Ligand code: NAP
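Read the single chain below, which is given as structure tokens and is the form predicted on its own.
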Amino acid sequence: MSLVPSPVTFIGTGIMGSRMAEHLIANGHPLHVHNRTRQKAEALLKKGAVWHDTPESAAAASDRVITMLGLPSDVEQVYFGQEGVRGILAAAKPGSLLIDMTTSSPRLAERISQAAEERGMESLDAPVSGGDVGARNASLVVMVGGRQEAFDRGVPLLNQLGKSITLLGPAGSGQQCKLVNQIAVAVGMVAWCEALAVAKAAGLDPSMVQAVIGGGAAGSWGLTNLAPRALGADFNPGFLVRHLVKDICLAHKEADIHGVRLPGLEVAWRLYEILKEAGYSEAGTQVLFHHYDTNRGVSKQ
């Protein structure tokens, strides 16, 4: 199913969202944008996007609304409104398709879905994996929850943002899958940081070790894409430390609901909390290696 270029609203133009929105412009869609800080949308405005001062105004401008926000509290506020300010659900047109691509709470996704249905709209929770590289290259993995009809309608649009688009089940299922993904990401970050810290301490060239073990059983997306940045002392964010801490917290709560203990995730959680306390909230998650490298084990601090 092809998609004829038509207006799309994009709310949340941060590190990931701005790159994703650029693909929609490149594919000919008239784009309406809103972000808490207008400065982060300036590059899109120069490419022809239309600015809106509020989520309400942006949501009313088209019948397909995509959100890419930071926290579940942001999602709740933008969708349901706050203190007399209408949110997306009150402002969007009947028949609109609402796609939240934030990593958020499965329970919140279910609430949005129910509220959308009551107002004659469709919704999908569609969080992504692939970081800033995936957003830039339109190669994101998109994990979707929602009705089949809404998914079929959303797929042509999502195909312009990612390479793998999968419906996992009803509302909330996309968020459930993303939290599973984040468990693997967080624990995997600890693994390659520890491995390369030992390699460096042993006198090996850690860049050479990274290239060697990345092609074997130890290989991972993080080892391939983030380790070279860390070894080059590039801690600019593709994915923020504070966002990973948020995701770990959500995943831990979800595991508690299902009665599953996650000792590995608890270790990662403790280490990233230490990074936050050390002032690295706005750094990329690969900054964990810096702490292993300089402290020979963050857990000893």
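Remember, it's a predicted structure, so these values are computed and weren't measured experimentally. Numbering starts at 1 and runs along the sequence shown.
Below: the form predicted together with the named molecule, not depicted.
Can you work out whether V241 and the named molecule are in contact in the predicted bound form, taking contact to mean some heavy atom pair no more than 4.5 Å apart?
Contact check for V241: no, nothing within 4.5 Å of the named molecule in the predicted bound form.
Classify K253 as contacting or not contacting the named molecule in the predicted bound form by the rule of any non-hydrogen atom within 4.5 angstroms, answering yes or no.
Answer no; every heavy atom of K253 is more than 4.5 Å from the named molecule in the predicted bound form.
When the contact criterion is heavy atoms within 4.5 Å, does H34 count as touching the named molecule in the predicted bound form?
Contact check for H34: yes, within 4.5 Å of the named molecule in the predicted bound form.
Could you tell me if G14 has a non-hydrogen atom within 4.5 Å of the named molecule in the predicted bound form?
It does: once the named molecule is placed as it appears in the predicted bound form, G14 has a heavy atom within 4.5 Å of it.
Which one of V128, A186, L98, L179 is close to the named molecule in the predicted bound form, taking close to mean a heavy atom within 4.5 Å?
In short, V128.
Please identify the residue among Q77, T166, Q114, S207 with any heavy atom within 4.5 Å of the named molecule in the predicted bound form.
Of Q77, T166, Q114, S207, the residue with a heavy atom within 4.5 Å of the named molecule in the predicted bound form is Q77.
Can you say which of 115 to 123, 210 to 218, 98 to 106, 153 to 161 gets within 4.5 Å of the named molecule in the predicted bound form, counting heavy atoms only?
Selected stretch: 98 to 106.
Identify whether the named molecule in the predicted bound form is within 4.5 Å of every residue in the set K40, G70 and K246, based on non-hydrogen atoms.
Yes, the whole trio is in contact, each within 4.5 Å by some heavy atom.
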